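Starting off, we have a lone chain in the form predicted alone, written out as structure tokens.
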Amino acid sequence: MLGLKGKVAICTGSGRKLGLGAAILRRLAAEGCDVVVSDLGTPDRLLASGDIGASDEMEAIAAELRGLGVRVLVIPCDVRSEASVQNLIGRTVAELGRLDILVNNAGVGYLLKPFIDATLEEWQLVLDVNLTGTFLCSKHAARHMRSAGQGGRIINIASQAAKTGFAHLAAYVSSKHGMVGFTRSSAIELGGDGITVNAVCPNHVTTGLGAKQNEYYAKVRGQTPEQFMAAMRQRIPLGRPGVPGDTAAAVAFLASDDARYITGEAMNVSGGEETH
């Protein structure tokens, strides 16, 4: 990809070794970017240890990325907190000298239940992480990019759920639809600064989160997880669900100079399953 070597990229929610965020950083580092691994680090009352990137896992990912010959920082961040987001952006610029690429990947998608059974606290958690977190990180990254005067890239990891409804995922679907709206509006506001804003919309990817979704939906439908996955493959024109590298490749393209005239888009990475 043109123009990525020597750039600095942050990816939120990148502290799980099998997750989309870690795959995105691997691809950007392979293209020559210095990168920031960022996740919550420490569980809290609403986000358990199995649902976040813990500090030791973040450090392990960082060690792997340093093996690619790039500079790597580990900066825990709670994207629900404006002060935490400001620390993430400020430390990145102070220690790596610049910020060129922000990937808003942090998300909560494992709260699966009928919306009439969801609590307000659960609804608010999903929107706070997925949508408000994207707003806060984009706000402070864009302020720095604008003041630096060298343009930039903001890439939001949305979902097929940004374009299609799914049962038992009302908060997640709502947050991802909102993310696409935010992508379009912020792209208009930042275009004059040479900052592009785009979204990537993957279909199902069997990460740790994806595995939970497989088990849940298989049970709801009276299937085994294997039967559920077989039915999924049948409806995808390219014959398989997504893998983390598919999303990572799309992010690398949108971050590169090859995509300099693309902004405000919500790119499907779905093997043809999502066609609008």
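Small disclaimer: the values here were computed from a predicted structure and weren't measured. So that there is no doubt, residue numbering starts at 1 and follows the sequence shown.
The discussion below concerns the form predicted together with a small molecule, not included here.
Chemist: Would you mind picking out the stretch of 94 to 102, 182 to 190, 140 to 148, 156 to 164 that comes within 4.5 angstroms of the small molecule in the model of the complex, counting non-hydrogen atoms?
Modeler: Only one stretch passes the 4.5 Å heavy-atom test: 156 to 164.
Chemist: Just checking whether residue 59 would be counted as a contact of the small molecule in the model of the complex - the rule being heavy atoms within 4.5 angstroms.
Modeler: Residue-level check for residue 59: no, no contact with the small molecule.
Chemist: Hey, in the model of the complex, is residue 47 touching the small molecule, heavy atoms inside 4.5 Å?
Modeler: Flag for residue 47 set to yes.
Chemist: Would you check, heavy atoms only and a 4.5 Å threshold, whether residue 110 touches the small molecule in the model of the complex?
Modeler: Heavy-atom contact with the small molecule at 4.5 Å: present for residue 110.
Chemist: Under a 4.5 Å heavy atom criterion, is residue 255 part of the interface with the small molecule in the model of the complex?
Modeler: Result no; residue 255 lies far from the small molecule in the model of the complex.
Chemist: Check for me: heavy atom within 4.5 Å of the small molecule in the model of the complex, for each of 79, 106 and 204, yes or no.
Modeler: All three within 4.5 Å in the model of the complex.
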